[in-house]
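Single chain ahead, written as structure tokens, the form predicted on its own.
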Amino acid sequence: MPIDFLAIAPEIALTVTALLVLAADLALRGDAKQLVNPITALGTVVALVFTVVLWGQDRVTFNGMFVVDDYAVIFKVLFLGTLLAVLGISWRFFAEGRYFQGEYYFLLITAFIGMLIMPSARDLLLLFVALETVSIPAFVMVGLRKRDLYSSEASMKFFLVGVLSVAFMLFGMSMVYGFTGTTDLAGIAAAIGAGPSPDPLLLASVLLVIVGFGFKIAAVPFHFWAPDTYAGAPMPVAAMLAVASKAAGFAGMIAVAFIAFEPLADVWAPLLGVLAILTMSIGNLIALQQRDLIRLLAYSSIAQAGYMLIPFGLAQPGNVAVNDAAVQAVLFYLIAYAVMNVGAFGVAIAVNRRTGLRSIGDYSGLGERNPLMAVAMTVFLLSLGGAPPTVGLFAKLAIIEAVTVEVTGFGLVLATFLVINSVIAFSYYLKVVRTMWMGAAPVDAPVLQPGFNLSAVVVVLMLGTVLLGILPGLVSDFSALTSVQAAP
């Protein structure tokens, strides 16, 4: 079968960009090395154009292993948009710090190439390759602060946990292959559905594969690496891990859960529902105790993963309406989460860049020192909590709407925990807001001057958070048209 190069054009564009970044880094000297950032941004825009061109098309290549449909295109747009935002908050951070910029941008692009492959993969082997293409560069990026022992510790912890998760996943995948005789996701579903009552060992292997993705999305009890890793990593890398890397994990999890293991949904869905309750509850309760903003955002990210796991707990074998609603709710939430969470990290970078500090107390009087950054952070935090008129409110309503497609007792329990945890989350988000607006600014506090590019990214994301809250149909109308499908 000939290769459909248009189907893989976004990935090719980012690959060429990565090579250009390496060549430019070798050729440029001194401050000119900053140009690798706009080169990366230009390549990302080209990839984004190719992705938009693919909207409305159904393309299959590599013998059905790689599928481009509307579901995959929306995920790719999410990843590329996040990459542009991360580039915006990275420029001055890496230019002013003692970092190797060429290596950082090359690793960043490589990780996003894996992310672009993830929603199109329809084979266990390709899913695994895509996941490792995301993970391996991330291990290195976390430790880019080479002279910082905290960063080295974070990188080592992230690496060890990542290797452990890979071992679980590969072991599970090998047993799934042994039972079904194929790595094709649709073929696995057909083999499971055609067989007799599934063997307990097959059920265990399915859970091992899902556990591997549980590490990637930082779901409880596989979350313990996230707070230290986010705190030790350079802040733009932490933003990438909290948003794009988590979204890639969910993209892979959706594929294996709703295609390959869909006939066993009555087994894994209740377990993931319980996992959702534990993840959102533990993430929020520990976040209440945090004094460091980055660690607070890390535990908030864990809680947000719990919200996004709720639709998985609703899945039912053969129930297309419920399963499609669950996938659409997760997709909507991921888009909303990307906008507000990258924005929050952008404000944190602006404050840290001038003060070198990041405790919540360091945000005291931010409304007086830089009203724009304070307003933006207020919008992002309120949106993460689900306050109107922000996109965070409609993201949580999308989860509740998925629950109402076919109301069950367990679905109502999940929705109840969502509401309770949203109230808990407001308490620590509002603590930061109160500190910014009601706390007294230190006498010797420096004036915050984030720079044009960082300010522009923060403003765009803030406006996007409010605009999507006023017009949620800009996202929901597109996500409602998508459903994850196997290769035809």
Partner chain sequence: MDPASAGWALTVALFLPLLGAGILTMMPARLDREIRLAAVGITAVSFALVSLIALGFDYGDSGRLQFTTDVGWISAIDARYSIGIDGISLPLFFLTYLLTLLCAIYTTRILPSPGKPKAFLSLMLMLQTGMAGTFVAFDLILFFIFWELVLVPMFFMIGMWGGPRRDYASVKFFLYTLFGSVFMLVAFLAIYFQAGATTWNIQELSAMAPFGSATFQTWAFLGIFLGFAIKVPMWPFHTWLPDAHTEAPTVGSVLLAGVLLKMGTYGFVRIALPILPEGAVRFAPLIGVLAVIGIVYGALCCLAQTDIKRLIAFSSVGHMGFVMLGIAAMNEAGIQAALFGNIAHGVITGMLFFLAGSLHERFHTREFGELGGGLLIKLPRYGVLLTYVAVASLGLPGLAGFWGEFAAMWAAISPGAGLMASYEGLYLTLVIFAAIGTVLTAGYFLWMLQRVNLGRPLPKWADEPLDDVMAIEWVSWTPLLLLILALGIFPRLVFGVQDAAVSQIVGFLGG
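Residue numbers count along the first chain shown, from 1. Quick caveat: nothing in here was measured; it's all calculated off a predicted structure.
As for the form predicted together with the partner chain, it is not shown, yet the points below apply to it.
This chain is drawn without the partner chain; in the model of the complex, the residue among L463, V49, L430, A41 with a heavy atom within 4.5 Å of it is L430. Residue-level contacts in the model of the complex: of W268, W91, F394, F258, one residue has a heavy atom within 4.5 Å of the partner chain, and it is F394. Exactly one of the stretches 279 to 287, 146 to 154, 171 to 179, 397 to 405 approaches the partner chain in the model of the complex with heavy atoms within 4.5 Å, and it is 397 to 405.
Interface membership of T378, defined by any non-hydrogen atom within 4.5 Å of the partner chain in the model of the complex, is confirmed. Shown alone here, V351 lies farther than 4.5 Å from the partner chain in the model of the complex, counting heavy atoms only.
Within 4.5 Å of any heavy atom of the partner chain in the model of the complex lies no heavy atom of A338.
Interface residue remark: A32 is not counted as part of the site for the partner chain in the model of the complex, having no heavy atom within 4.5 Å.
Heavy atoms of every residue among E368, P389 and G473 are located within 4.5 Å of the partner chain in the model of the complex.
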